[in-house]
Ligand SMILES: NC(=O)c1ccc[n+]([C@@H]2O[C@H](COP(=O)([O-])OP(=O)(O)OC[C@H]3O[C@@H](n4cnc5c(N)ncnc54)[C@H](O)[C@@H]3O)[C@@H](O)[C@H]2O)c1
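Just one chain follows, in the form predicted on its own, and it is written as structure tokens.
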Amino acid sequence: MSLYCGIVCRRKPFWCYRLLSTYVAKTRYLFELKEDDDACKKAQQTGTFYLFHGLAPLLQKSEHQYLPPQHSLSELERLLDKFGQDTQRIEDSVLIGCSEHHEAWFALDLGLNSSSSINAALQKPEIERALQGSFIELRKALFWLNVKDASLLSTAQALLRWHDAHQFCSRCGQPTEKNVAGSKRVCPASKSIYYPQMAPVVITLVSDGTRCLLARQSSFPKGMYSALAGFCDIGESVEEAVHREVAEEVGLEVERLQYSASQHWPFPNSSLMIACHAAVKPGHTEIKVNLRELEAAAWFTHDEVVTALKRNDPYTQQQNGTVPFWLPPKLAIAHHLIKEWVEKSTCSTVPA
């Protein structure tokens, strides 16, 4: 019976998927597209494409938010033809997900030099006029996107960047080839296979019981403070990384910590953000900022953080010209950590 079911599932994949939960069906379908080039090419025929230029997504304004338009394969082919581009460029697209009805979603960057054809990058202003939209840097777009679109575009940008940076084999230096879905690259010369990867990063909100510690780097927008964050070193556990990062960046010793959540984050490269709350030892709250890592760090009271969370437009300056203290966008896990701390009824230290 199991053998018979296996044969039926291979011959009638969509019939088989209808017997499964929506989540499992989608997962199995996406796995099939990643492993079967022919199936993925077929999915492109009925799928939709999100467009990027220089890793910035194409967005169209709709009332008070921005939405990423979707384009069919035929629409994309007409666009490329209009600008004298070879439709072979579509081979640079990457699979980023699918709908509940198995409509596959792909992303294509028109601003990167194509690895599959001789065509160079398309000019951004011309495409924006043709598509009646704007290519907006993803960091800024996160303030206006909904959760679904933000997650999808973050995945797309991370995959597009990875493929652009891994076009040659690290063993022999020969060009690598992308499979249709973009789930891997293969070197025909050395037979090496490369898969997109994320770097683990710990992001930690430190508290002394009544205050939380926030910091900023010189690269941050003016006025923005966030939780402490740093890459995990080789051989480290998450707990060890949290202790080390807090000690390195602000000179404090963590007494205990608690895991909160995790999130994929595409900046500056693809990272897995592992969010934790941490408490410092009583009486040991003097900050000693590591200026090689941070521009500033400070303790903030509950009321100060609540006020910052209420700011809808962080780029608005105050009347005296100064930029108010503000926090990362709602879609960032740092915002989640800070809001979680605020919502604790007693604002007490992390329980042991």
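For clarity, every value in this text was computed on a predicted model and none was experimentally measured. Throughout, we count residues from 1 along the sequence that is shown.
What follows is about the form predicted together with the ligand, which we do not show.
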By the heavy atom within 4.5 Å rule, which residue out of S72, N113, Q217, S151 makes contact with the ligand in the model of the complex? Q217
Among the candidates I203, A181, L213, A107, the residue which, in the model of the complex, approaches the ligand to within 4.5 Å (heavy atoms): I203
All of Q263, E293 and A334 with a heavy atom within 4.5 Å of the ligand in the model of the complex: yes
Please run the contact check for Q157 against the ligand in the model of the complex: heavy atoms, 4.5 angstroms, yes or no? no
Under a 4.5 Å heavy atom criterion, is S226 part of the interface with the ligand in the model of the complex? yes
Just to confirm, A199 within 4.5 Å of the ligand in the model of the complex by heavy atoms? yes
I'd like to know if F83 sits close to the ligand in the model of the complex, meaning any non-hydrogen atom pair within 4.5 angstroms. no
In contact with the ligand in the model of the complex (heavy atoms, 4.5 Å), from 230-238, 143-151, 183-191, 170-178, is stretch 230-238
Heavy atom within 4.5 Å of the ligand in the model of the complex - qualifying residues of 246-269: E249, Q263, W265, F267, P268
